[in-house]
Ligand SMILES: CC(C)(COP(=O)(O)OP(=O)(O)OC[C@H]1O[C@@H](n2cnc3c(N)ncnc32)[C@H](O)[C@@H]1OP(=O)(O)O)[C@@H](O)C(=O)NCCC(=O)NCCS
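Just the one chain here, the form predicted on its own, laid out as structure tokens.
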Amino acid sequence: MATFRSFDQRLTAVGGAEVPADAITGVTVTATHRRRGLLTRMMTRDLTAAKDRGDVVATLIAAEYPIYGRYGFGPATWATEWTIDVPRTGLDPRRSGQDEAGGGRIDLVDGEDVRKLGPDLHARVRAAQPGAVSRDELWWRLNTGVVRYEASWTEPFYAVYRSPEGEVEALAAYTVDDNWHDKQPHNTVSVKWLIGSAPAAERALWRYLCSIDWVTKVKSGWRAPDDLLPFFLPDPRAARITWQADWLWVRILDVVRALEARTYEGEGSLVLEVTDRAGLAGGRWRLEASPQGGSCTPTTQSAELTLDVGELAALWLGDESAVRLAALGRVREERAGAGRLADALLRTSRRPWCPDMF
């Protein structure tokens, strides 16, 4: 009739602190049992249990946009996929991927190496990336073929970039198809995932992927919408956007802990009236924010900005604009200029990103 699964997760807030999250996945209702309140009952039970055990937020990747807003979720990160037209990049085909490594080294490794090298690299990447989520041991075993939920498994290639000092700074998993026509190779690299702790390391791996013999296209997989990828290429127009959509949705369960977990771009105070039809996180709160962090306390002062808990979630990781939401009628300014102040405090210089599907 219906399925619903959730598991423990850690989510990186702005500034690098992590918060406990309730990750929701595998949500289905069969066509024969729709409109009976099954999803609402499952969601209510799960979110209530998550709040009771101390989770700060709940997270999910929404297959359909209209469903989860009514449960207090808001789209907090977006993702973009680029397709690179390799011949157009302007890269010198006579230079190898190693030549592009900038003094470092790129090696092909196997799944066992990835399971050894990946967790430490991912921990460093996640600490610096708002919106990133934890990867447990099962994730690494699933993504290197040790554990298989499906009978078929195609082993990807794995490439590691090591700095001139020998430190692992980037890892990528990718597949290559075999596509010839008119007696010419037109192969495509499809990136399953690529993480890097430094822009130079990511640049080296992207340029390596564009240097593989017979490859004319590279599909990036999901990336941050402001990813540097196009500008790693001599001709950024060689990378065109294939798709762009909302990605990680967040549901705030504890307003105080969520707002106190992150840092802020500016310094100031703001009184928020947060509405929550489920009764899990509503209230009026005074936020005192600074680049070092913030304090959030209940208050009886007049609200300056009124918003639903789902809109607060969209603002919390720094991607959305309160001014935009006010223009859409989804946030109400109770004091003129409150939206601009919220943006000055909450928005981030780089957009949040979640590298993972779950």
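All residue numbers refer to positions in the sequence shown, first residue = 1. All values reported here derive from a predicted model rather than from experimental measurement.
The form predicted in complex with this ligand exists for this protein as well; it is not shown, and the discussion that follows is about that form.
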- Item | Contact of R324 with this ligand in the model of the complex (heavy atom, 4.5 Å) | no
- Message: When the contact criterion is heavy atoms within 4.5 Å, does R53 count as touching this ligand in the model of the complex?
- Response: no
- Task: Please check if A49 has a heavy atom lying within 4.5 Å of any heavy atom of this ligand in the model of the complex.
- Result: no
- Query: With a 4.5 Å heavy atom cut-off, would you call G37 a contact of this ligand in the model of the complex?
  - Reply: yes
- Message: Given the stretches 293 to 301, 326 to 334, 39 to 47, 313 to 321, which is the single one in contact with this ligand in the model of the complex, using a heavy atom cutoff of 4.5 Å?
- Response: 39 to 47
- Checking F232, W285, W193, Y71 against this ligand in the model of the complex, the residue with a non-hydrogen atom inside 4.5 angstroms turns out to be Y71
- Query: At 4.5 angstroms, heavy atoms only, are D92, I212 and V215 all close to this ligand in the model of the complex?
  - Reply: no
- Taking this ligand in the model of the complex, which residues of 54 to 70 have any heavy atom within 4.5 Å of it? I61, A62, A63, E64, P66, I67, Y68, R70
